[in-house]
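Take a look at this single chain, the form predicted alone, given in structure tokens.
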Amino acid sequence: MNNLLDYVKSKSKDLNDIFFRNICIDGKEINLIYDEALIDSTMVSNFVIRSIVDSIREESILKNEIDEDKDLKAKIDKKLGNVQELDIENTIAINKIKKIDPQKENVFEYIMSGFVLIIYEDNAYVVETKATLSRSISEPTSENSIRGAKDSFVENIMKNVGLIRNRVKTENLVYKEKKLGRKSKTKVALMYISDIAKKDLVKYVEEKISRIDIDAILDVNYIQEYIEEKNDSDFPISINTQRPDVVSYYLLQGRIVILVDNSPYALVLPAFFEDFINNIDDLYQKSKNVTFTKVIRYISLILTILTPALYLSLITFDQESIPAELLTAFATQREGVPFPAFVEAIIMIFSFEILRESDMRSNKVSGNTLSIVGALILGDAAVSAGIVSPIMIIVVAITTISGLNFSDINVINVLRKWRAIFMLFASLCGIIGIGIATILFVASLVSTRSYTKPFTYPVSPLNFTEMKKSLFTRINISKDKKRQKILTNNLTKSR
């Protein structure tokens, strides 16, 4: 195996973190190669090197005893056979060890994955001695949980799988792993419950993943963009989540989950529009109280999209729809403002969006304070300077606060886009423009497909039972005995 050792040395001459160690004891020469940044040095010293050295020394002592006692040699040969050959696989007390063929397998892939490469005589072995480089399990940062579980995914894929299996303890929970990325060799896992998920959907997703050809997979979003390549809609057709309880809930519905090593997010698919309105925390509340919460969310959705457009249409085109006293108040407040209502709205909404982005990017200690103070100072100064009217500050504030009900960044971006579209049509055609924009919005929703499934289910195609259960209320868990037909053929839940 000198050729293999020379090959590794030649390829890693510029890699200062690759460490070579040569062990020579009792005429035996063993070479160890590993990446110091990726391995657990304690494990290498205590389990790999010490096991090899102790085994060679014990073998040497035993060999001397055999040479001195011919009767002992005969007994040992009869029971153990030839003990002069060092057995690496049975010597090291670590489960993840195997013999490899360097002609067929890439040894650098193992070294860069936290393995120790052992070269002994004409054989090569790899032992997994990965260091724990991921952070410990903590609370989710992008999804608040009021009464639900407080743990979240981390950057270690096996820890994430463990968090899911800890909740769904069934042999039917399938875990399929594939390495993607020519340079990164990233682990990508597909998980689903075999007796619930539809086979055609699983096959469809597997085919999509198998066609991915890229240098590196650095985050789950890389997978998302590849498997959504034909999605022309602005709406997200997958769910990104940090929460294992959310993933477990969707798995039990018949959905598919994708995990990527080094990413603290899981990708759940398919996703429907109602998934971004509902919240798993609804399951942890009394079912009758959830209805009011859902009504608030739907009102928030309408307000965050329509409020600026409705104000523009009323103040610009449809003044006759406003009571005289209110119209007079609006006119008085807008007196002295140099910009048209549309420009005024764009300036303030853009300013508030900048504040929101700054809040998201800044550290937690100062972020919220800066946003609140910035909004107050900005709004007060703009009104005092006569740049905008007080009613516009109220309209933008209602729009922004209503949008805070949605945490998914893709949903937030969609709402931003459609808010601008509604404002544009309202400034051009008034109420009629809002009607046109509404038709376009509904058409875009209905035409969206989520991995062969209709995005607007259960509204279109209409399923009144599911619509009542998921959109308007939450059925009591003890009475919820059926799964969604669109996701599974196994409709009856276990009792």
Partner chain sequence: MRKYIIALLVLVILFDGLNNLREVTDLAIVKAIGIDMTEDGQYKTTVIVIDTSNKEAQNEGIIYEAIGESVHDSARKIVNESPKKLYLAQMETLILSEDIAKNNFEDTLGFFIRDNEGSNAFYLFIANGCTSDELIKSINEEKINIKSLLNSSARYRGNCNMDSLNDILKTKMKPGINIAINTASIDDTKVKINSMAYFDGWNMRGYLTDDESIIYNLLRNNLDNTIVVAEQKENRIGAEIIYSKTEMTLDKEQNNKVNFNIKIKANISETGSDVIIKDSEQIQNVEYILEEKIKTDVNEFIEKVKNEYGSDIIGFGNLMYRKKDDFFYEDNYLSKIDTSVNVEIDIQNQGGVTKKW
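Numbering follows the first chain given and starts at 1. Note that the coordinates shown come from a computational prediction; the quantities given were computed from them, not determined experimentally.
There is another form of the same protein, the form predicted together with its partner chain; it is not shown, and what comes next is about it.
- Message: Check F425 for me: does it contact its partner chain in the model of the complex (non-hydrogen atoms, 4.5 angstroms)?
- Response: Yes - in the model of the complex, heavy atoms of F425 and its partner chain come within 4.5 Å of each other.
- Item | Close approach of Q333 to its partner chain in the model of the complex, 4.5 Å, heavy atom | Q333 belongs to the contact set for its partner chain.
- its partner chain contact at L445 in the model of the complex, heavy atom, 4.5 Å: Outside the cut-off, so no.
- F317, heavy atom within 4.5 angstroms of its partner chain in the model of the complex: Yes, F317 sits close enough to its partner chain in the model of the complex that at least one of its heavy atoms falls within 4.5 Å.
- Message: The chain here is shown without its partner chain. Which stretch in 160-168, 147-155, 133-141, 337-345 comes within 4.5 angstroms of it in the model of the complex, by heavy atom distance?
- Response: Going by heavy atoms within 4.5 Å, the stretch is 337-345.
- Message: Just to be sure I understand the contacts: of M360, A324, A385, I299, which is the one whose heavy atoms reach within 4.5 angstroms of its partner chain in the model of the complex?
- Response: Going through each option in turn, the one that passes is A324.
- Out of M467, L38, M43, C429, which one falls within 4.5 Å of its partner chain in the model of the complex, going by heavy atoms? The residue in contact is C429.
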